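First, one chain by itself: the form predicted on its own, in structure tokens.
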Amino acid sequence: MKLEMKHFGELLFAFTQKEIKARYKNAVLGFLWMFLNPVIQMLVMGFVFSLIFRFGIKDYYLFLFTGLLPWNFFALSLNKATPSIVYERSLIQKSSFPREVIPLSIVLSNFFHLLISLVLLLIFLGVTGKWQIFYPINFLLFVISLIFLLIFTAGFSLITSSLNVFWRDVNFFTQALVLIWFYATPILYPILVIPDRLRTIFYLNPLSGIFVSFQKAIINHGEFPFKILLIQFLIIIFIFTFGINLFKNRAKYFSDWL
């Protein structure tokens, strides 16, 4: 069992390393694009939405950037992981290895880029004197939110990537879902602007609690959603467990459908 886990870990590390190296190959700015893309989005969206809406947020651009960084990780991971098994059909048909390393390596490589971007963000916050994130309770909330985000993204990617082998429409559905999901998650707006009677519906979205926690930890905006996080943690663990089991059950039939 230990030998199998070690082999799986080494294989996952190798695939993740390959993804990291391939992503920005021949790109002059390399890893900086992971940080620059949300900066550009922040400037454009921040300008437009600050003119149209008045959310009463002091640092709206920072609020927006705090949401765009983790969102780009989630959206990019899901969109790329969903068709990954189909794209690697030749490798799957030639070699025998745990198939889940393919979508998981994509998620982990994007998570690596997210961590680099967050380190740059932390440096910026320290230089500008915005120390909220460095308070122990805020930093703990920040780390927990990151872990939740990684687990949820990995679990959901396992679900969509396995189903896409049998129904190729899943890839197109996922792309449309991500677009809708963006506006259903409190990234452009604070969750507090949602009427109380509708807020419960928004919290059914597992990403809502994660993003609210990021906002609380980084810019001290909103309230600490302990009960919501606890409920969503259970939902996220269920999705991750379901994703692993579904993938393992379906993986034995991949070669027949590719």
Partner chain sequence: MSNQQLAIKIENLSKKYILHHEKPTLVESFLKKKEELWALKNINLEIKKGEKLGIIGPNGAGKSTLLKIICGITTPTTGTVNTNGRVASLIELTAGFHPDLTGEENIYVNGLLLGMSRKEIKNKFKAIVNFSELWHFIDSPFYTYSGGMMLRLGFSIAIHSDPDILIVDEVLAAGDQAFQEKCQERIKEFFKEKTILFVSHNLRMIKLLCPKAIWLDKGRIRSSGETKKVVKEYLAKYK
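Please read these numbers as outputs of a predicted model, since none were measured by experiment. Numbering follows the first chain given and starts at 1.
The next section is about a form of this same protein that is not shown, the form predicted in complex with its partner chain.
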Segment assignment from 114-122, 177-185, 133-141, 161-169: heavy atom within 4.5 Å of its partner chain in the predicted bound form: 161-169
Is I147 part of the interface with its partner chain in the predicted bound form - any heavy atom within 4.5 Å? no
Would A22 show up as a contact with its partner chain in the predicted bound form if we use heavy atoms at 4.5 Å? yes
When the contact criterion is heavy atoms within 4.5 Å, does L91 count as touching its partner chain in the predicted bound form? yes
Contact of I244 with its partner chain in the predicted bound form (heavy atom, 4.5 Å): no
